[in-house]
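Shown next as structure tokens: one chain only, the form predicted alone.
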Amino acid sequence: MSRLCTVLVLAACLVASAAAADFVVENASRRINLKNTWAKAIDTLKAKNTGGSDLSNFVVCYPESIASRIAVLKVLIKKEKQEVAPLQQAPQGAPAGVSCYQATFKSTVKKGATVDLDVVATVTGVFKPNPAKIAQGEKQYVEYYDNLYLLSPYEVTEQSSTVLLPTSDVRSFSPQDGGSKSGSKVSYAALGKQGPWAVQQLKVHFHHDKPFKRVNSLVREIEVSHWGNIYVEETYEIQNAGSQHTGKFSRLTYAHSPDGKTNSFPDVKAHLPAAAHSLYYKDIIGNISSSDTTHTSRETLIEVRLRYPLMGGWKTDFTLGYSVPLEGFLYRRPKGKLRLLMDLSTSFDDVWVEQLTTRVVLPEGAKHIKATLPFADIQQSWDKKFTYLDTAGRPVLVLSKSNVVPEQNKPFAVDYSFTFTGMMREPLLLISVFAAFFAAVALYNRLDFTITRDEKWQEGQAHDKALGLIQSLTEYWDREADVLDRLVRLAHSISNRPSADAAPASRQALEAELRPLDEQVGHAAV
């Protein structure tokens, strides 16, 4: 197996070396844009096939310090992206500390033909603060290092390099020879012909007027509920990655000196879907009310104000959550399948993410899960989450990616199957639980769970019987007293003739009513 790996590596090196011999870059124009908090290097190349056959591969290289921080690398021919893959080993003759990539063209370059291509690299974390620490109100200066020439295995006939800066305040740049500064631009107009692997360090020391908003960690959890909503919760750890703050901090000075805020930020802005609702924003202390939300027909813009301004080196963490309806994000597919379509990364402006974790929580019972991802380097894993009324747990697709910039916030899709029976499972389970509970209560009230009948039990039974007897006797005596009272009134009423004539019949009726009462009292006493 190790011998096979060695053969494959050697084959890749031979292919790259052959490619290096078959192309000549007739013109290379390098533009390094440093206006944002990450760098974007655009190399516009005109390459000629000088080999003896048609070619379909082209090698691009960068210093390791740049290559290790590349977030996006694109090779474009007439604005059409070509396939790019890293080489396990740099081509033969490459200096130490060089990483290379191989672009595969969709159509071959004929022998003797030329091709125009743009190589675009977005690089994060390459600015070095100098000085490393500054006090409140001081300007933030950074250094940027790169290779002055096009670092390439090909011979370059003509080339130029231009560095675009955010301000015109440039402390120094090197090399000085052949370079010129004009406003916020440093140019090297004519660098002349260079052989393969031409190396000379480029250094620019300048004032950067933007805060470096770096998200150290972002965990996005997207939970799908087929009862109408998709719940999104994002947990951030955000840091100001610029020059570290030193000395005291004064809120009064911060509020009254707008020029001293360029290396800090009190808020971040997010562009959420227009249908977003039920927003909340909190941290470890609790809810944070200092935020502003604007709804438009195209988006929901939320301005998240932090508890305190983030000076250089400071960091904080918080949680932002919202809900969106299923409509517009969950679609029906053929054969009864469903497709969830969501954005991969953060919707905040001007931030890059060091470590992104997106958790897609699907309903319990979801099957045949398959993800369609926008980038090949996204790692997939599986987890389970237990929430209300779950028994087996909900399947969780975990997507992980490092070094993510805003242009990589692309949609991704998750296809899965989920039946109506699965959706009704939890309501039926809830109904069954309540029905079982009420049945158990009813059964409990009708059963005697007495295990032994000791003296205390017998005393209790006798006490209950006595209370029942007394209550019965009291009722009989009350009714008997009522009958006797009516007899007394009858006796008093026989003084007049009409009452005397009716008295015998009334007496017999009262005696008939009294007789069963006496019998009932006798039985109760027994």
Partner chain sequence: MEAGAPVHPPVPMAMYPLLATVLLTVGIVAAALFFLYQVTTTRYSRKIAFEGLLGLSASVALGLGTLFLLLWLAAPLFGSVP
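Positions refer to the first chain, counted from 1. Rigid core here is just the name for the largest C-alpha set that superposes within 1.5 Å across the two forms. This is a predicted model, so every value here is computed, not measured.
Below, we refer to the form predicted in complex with its partner chain, which is not included among the displayed structures.
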Per-stretch contact check against its partner chain in the model of the complex, the hit in 383 to 391, 308 to 316, 343 to 351, 295 to 303 (non-hydrogen atom, 4.5 angstroms): 383 to 391
Proximity of Y280 to its partner chain in the model of the complex, heavy atoms at 4.5 Å: yes
Contact flag, D448 vs its partner chain in the model of the complex, heavy atom cut 4.5 Å: yes
is_contact(T262, its partner chain) in the model of the complex, heavy atom dist at most 4.5 Å: no
Exercise: H256 in contact with its partner chain in the model of the complex, heavy atom 4.5 Å: no
Residue (of D267, E83, D116, E327) lying close to its partner chain in the model of the complex, criterion heavy atoms within 4.5 Å: E327
In the model of the complex, the residue from V488, L467, A481, L473 that sits within 4.5 Å of its partner chain by heavy atoms: L467
Heavy atom within 4.5 Å of its partner chain in the model of the complex - qualifying residues of 323 to 355: L326, E327, L330, Y331, R332, R333, L338, R339, L341
Flag for S65, CA shift 2 Å or larger between the shown form and the other one after aligning core: no
Core fit, then A442 C-alpha moves 2 Å or more between the shown form and the other one: yes
CA of R479, rigid core aligned, shift of 2 Å or more between the shown form and the other one: yes
